[in-house]
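Read the single chain below, which is given as C-alpha cells and is the form predicted alone.
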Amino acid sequence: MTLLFALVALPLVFMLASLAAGRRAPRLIWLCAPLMTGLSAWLAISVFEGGRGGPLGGWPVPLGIALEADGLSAALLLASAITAGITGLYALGAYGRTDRETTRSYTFWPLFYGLWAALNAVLVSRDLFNLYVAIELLSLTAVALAAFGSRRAAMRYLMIALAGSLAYLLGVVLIFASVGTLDITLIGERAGEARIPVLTGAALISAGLIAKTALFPLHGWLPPAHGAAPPAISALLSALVVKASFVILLRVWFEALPGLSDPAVTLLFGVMGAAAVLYGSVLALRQQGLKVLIAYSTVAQLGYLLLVFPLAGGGEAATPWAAGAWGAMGFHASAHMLAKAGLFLAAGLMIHAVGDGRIDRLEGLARAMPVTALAFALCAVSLMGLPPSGGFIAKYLMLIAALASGQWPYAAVILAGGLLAAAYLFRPLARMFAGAGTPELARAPHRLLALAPLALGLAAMALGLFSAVPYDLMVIGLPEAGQAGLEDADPGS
C-alpha cells in the first residue's frame, strides 16, 4: 500500500520541488528517473509475490479510497517509468539549462512530473471519481505541453478533452445514481440491478474515453498535436498519455461491467479497432513529414488495443484464448510505449540535424548518425511486429487468439496492419540508407542524446527476448473469465 502511494505521491513531490528549484529544476530528473524505475520494479516483484494493495488509511470502500495493482498495472507502471525516465533525461538537451531560467525550462518540468503522477494514479486507482481526477490532471498537463509546439493544436486538443471529460462525468453520475457506489469492484457486484442506466452511463464514459485516447473515429486532434510538439513532448503524449484513458476503458468493461458487455459491445469495439489499424496505417503511408507519419502510426497502433474486447470476450465468457488476448494487449501497450517514444526521440535528433522534417531530406543520414539510425530501426522493428521484439510477441499472441476463437477477420487485420506498418516505416528507413555519400549536418546534436532512443529500442527488443516473465506478470489478476484460459494454457493442468 505504501509503495503504491509512493508511486503517485513522489512525482507530485518532484513537481513542487521543480517549482521551488527554479533554474536548478532540470537536475531533479537524475534523482527521479532511477528512483521511480526502482520503485516500479519493486512493485512488479511484489505483485509476483501476491501483493495487490488496499484502502488508504485502513478505511474500507466505499468510505475509503482503494489503490490496487494487478499484473497489467505493474507492467505498465514499469514500462512507463522507463519511458518517462529516459525521455526526461533526453529533455535535458532542450530544457536542461541551469545557467539561466527560461519560460519553457521553468514550466516543462512541473508539467512533466504532474503528467507522470497522473498516469500512475490512473494505473492504480479503483474508483471512477478518483480516476476522473487523475485523467483530468493528465489532460491539463498534456494540453499545456502540446502548446509548446502549436497553440492551435493544443486548443483543439483542449476542446476534445473537455468534451470527453463532460461525457465521462455524466456517465459516472448516472452509474452512481443507479448503484450507489463508484468503486469498480462494488459496481461489478451491483450492476445487474440497474442494467439500462448502468449501460447508458458506461456508454457515456466510453465516448469520453475514446475521445481522450484518440481512438478512431475521434482521432482527428492527435496528429496535429503530436506532430507539432517538440520531440520529448511528442514522445510523452504518444507513448504515455493515450494509454491512460484506454486503461480506464478496460477497467470499466472488463471489471466493473463484465456481465453487461454483450457481443454487440465487443463487436463495436472490435470494428473500431480494426478500422483504426487500417485507416491510420493508410494515412501514415501518405505522409511526407517524419513526425506526422509517426503520429498517424499512433492512431493505427492504438487500434490493436481495442481488439482485446472481441478476442477476450469482454471479460464474461470463459474461453481458452482469453488469457492470451489479455497478455497480447499488455505486451502491445508496453512495447508501444517504449518503441513510440524511441521513434519520436530519434526523429527529433534527425530533424534537428538536417533542419527539415520531410522524409526526403533523410538521405544517407544513417552514415552521419549511425546510433540514431540504429535506434530508429530497432523501434520500427517493434512497431512492425517483427521478431525478436515485444511488438512481435504482442501481435503473435493476438493472432493466435483470433485464430483460436475463429475470428479470422481480426487475424487478417492484424496481418494487414503489420504489412502496412512495415511499408510506412520502411520509407524513412530506406531514405536513411540511400545514396553513397555522407551528408553534411546543418546542426549536429549532442552525441549522448542518441543513447536515449537507443535505450528505448533495446528495451523494446528485450521485452520480446525475455517475454516469459513479462507475460506471467501481465496475466496476474486478469478478469475472472480469463483464468479458465490461463489454466487451459498451462501444460501441467
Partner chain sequence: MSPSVLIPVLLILAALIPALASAVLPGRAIWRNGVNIAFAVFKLGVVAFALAGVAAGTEYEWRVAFVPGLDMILRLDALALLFITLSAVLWLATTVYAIAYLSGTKHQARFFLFFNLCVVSVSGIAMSGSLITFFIFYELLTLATWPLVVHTGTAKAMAAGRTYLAYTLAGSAALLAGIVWLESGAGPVEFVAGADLSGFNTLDQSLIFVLLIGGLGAKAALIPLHAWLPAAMAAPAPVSALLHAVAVVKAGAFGVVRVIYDVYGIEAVAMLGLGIPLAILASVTIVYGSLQALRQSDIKKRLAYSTVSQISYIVLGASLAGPFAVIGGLVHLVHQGLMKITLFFGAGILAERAGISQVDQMDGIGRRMPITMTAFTIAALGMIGAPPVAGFVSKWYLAIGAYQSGASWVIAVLAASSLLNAAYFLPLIYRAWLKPSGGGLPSPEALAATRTWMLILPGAFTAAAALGAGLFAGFELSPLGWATLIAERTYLP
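Fair warning: this is a prediction, and the values are worked out from it, not measured in the lab. Residue numbers count along the first chain shown, from 1.
There is also a form predicted together with its partner chain; it is not shown, and the following applies to it.
Taking the partner as it appears in the model of the complex, which of 332 to 340, 80 to 88, 398 to 406, 218 to 226 has residues with heavy atoms within 4.5 Å of its partner chain? Contact-bearing stretch, as computed: 398 to 406.
Would you confirm whether the three residues 72, 158 and 163 all fall within 4.5 Å of its partner chain in the model of the complex, going by non-hydrogen atoms? No: no residue has a heavy atom within 4.5 Å of the partner.
Listed residue (351, 422, 137, 153) with a non-hydrogen atom within 4.5 angstroms of its partner chain in the model of the complex: Flagged contact: 422.
Just to confirm, with a 4.5 Å cut-off on non-hydrogen atoms, which of 197, 355, 387, 259 contacts its partner chain in the model of the complex? The residue from 197, 355, 387, 259 that makes the contact is 387.
Check whether residue 284 has any heavy atom within 4.5 Å of a heavy atom of its partner chain in the model of the complex, and answer yes or no. Output for residue 284 is no: heavy atoms all beyond 4.5 Å of its partner chain.
Contact test in the model of the complex: residue 429 vs its partner chain, heavy atoms, 4.5 Å: Yes, residue 429 lies within 4.5 Å of its partner chain in the model of the complex.
With a cut-off of 4.5 Å between heavy atoms, is residue 467 one of the residues that contacts its partner chain in the model of the complex? Residue 467: yes, in contact with its partner chain in the model of the complex.
Would you classify residue 30 as touching its partner chain in the model of the complex, given a 4.5 Å non-hydrogen atom cut-off? The answer is no: residue 30 has no heavy atom within 4.5 Å of its partner chain.
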